[in-house]
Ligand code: TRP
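Just one chain follows, in the form predicted alone, and it is written as structure tokens.
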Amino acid sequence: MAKNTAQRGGFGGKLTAILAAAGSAIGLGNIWRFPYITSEHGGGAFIFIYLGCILLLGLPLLIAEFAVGHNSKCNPIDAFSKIRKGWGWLGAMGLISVFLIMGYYFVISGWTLNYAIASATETIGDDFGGFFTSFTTATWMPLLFTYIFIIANHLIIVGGVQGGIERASKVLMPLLFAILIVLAVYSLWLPEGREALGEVFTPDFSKVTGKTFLDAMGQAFFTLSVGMGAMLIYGSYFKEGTKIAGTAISVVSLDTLVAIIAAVIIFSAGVQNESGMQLAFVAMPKVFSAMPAGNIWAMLFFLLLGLAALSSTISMHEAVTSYFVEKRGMSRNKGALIVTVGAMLLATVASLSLGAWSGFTVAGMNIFALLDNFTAIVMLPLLGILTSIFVGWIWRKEDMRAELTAQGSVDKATYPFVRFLLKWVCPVLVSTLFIFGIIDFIKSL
């Protein structure tokens, strides 16, 4: 075990632990993916199915990662091997996955910073698609904003758990919710907003298909940042006496609330049929341009995206940094610097693959798309399957019960249900998502 573990620090209290973990969960997918798939699959009908998937899949997997981290008080590699010798490779897979995700996620995060500034200064112009294409395919400007975003992460991480991550979470999360509420109130003040509220929650079961369940499972799984070590490392920073399941429920509730409020905002703008980057960087600026003081609302929207991205990337960076600090015995400054430099190099390749290096492809994909698809379709579902198998089958039942019940987090009547989900339901659901994801990907080649 690492020689720095004894001085590793931890979150100061329950609220900050919840804010930090919720920040890791709340990301770009809440704001630009959830509204799109909600619209595609029948509004309230999809939300009903999604909530079921959250309870059956997302929540138990989040509890599992929190429990492994809290029990071991270690970085992801040591956490698994401490519970069962020889399983450190599972933590290593998670760290590889999260590092690859940082490669393209930091690039998108940099875009939000540029768009917030461009919105405030009204320099986007009228050709919204053209502005997006010209910016993202350029060489130096996307890299500049990407590096600024990565350096912001670095400065927070070197501050430590309490002085950096916890302090940042106390600022970032309230600010994120404040901007979200301001945008939501403004949206509901408009006639379109009140109509949007009905569209979001009114169920249309005629749009429900088999793909609806797959998309609901996928969103429930990916939105909570499980399978990459980020939640595990945050669980390891929880104080003794933290109620694992109660904290997980709070995080899931906040994450779901943000997604639903974002859906109301997007529906009120009438662009819910757009998806992903087109929704955020082309459709929304076009909507804001037609509004009074639209540049201010656009700036707030992109600040919201940036804050959501920053609160997520902090946890990714910390998961990998913890490995160098604890497993390799480095100082936090040195460990964080290695991760920061590595992330910059990978993000540079990902950014340039959209422009100057777009001619280099793998299986018909540029490096940016390859990182996105490989982690989303292969790595994260596979890690979700393996994590549920580890907790449900490999971890001694008595030790898992002690971890979840010792602090009154899960009573003795509820514990068997949580274990049943982790042992049987989660492996089956995530395996289904994994198989169909691979099939869809092969078809798209």
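Position 1 is the first residue in the sequence shown; the rest follow in order. This one's a predicted model, so the numbers in the text were calculated from it and none came from an experiment.
Omitted from view is the form predicted in complex with the named molecule, to which the following refers.
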item	value
In the model of the complex, the one of A263, A230, A336, C74 near the named molecule [non-hydrogen atom within 4.5 angstroms]	A230
Position in contact with the named molecule when the complex is considered in the model of the complex, options G58, G27, P35, G384, heavy atoms within 4.5 Å	G27
L172: touches the named molecule in the model of the complex, heavy atom cutoff 4.5 angstroms	no
Heavy atom of S236 within 4.5 Å of the named molecule in the model of the complex	no
Partner contact for S187 in the model of the complex: the named molecule, 4.5 angstroms, heavy atom	no
4.5 angstroms heavy atom contact with the named molecule in the model of the complex for A248	no
Stretch in contact, per heavy atom within 4.5 angstroms of the named molecule in the model of the complex, of 274-282, 215-223, 236-244, 79-87	215-223
Neighbours of the named molecule in the model of the complex among 120-136 [non-hydrogen atom within 4.5 angstroms]	none
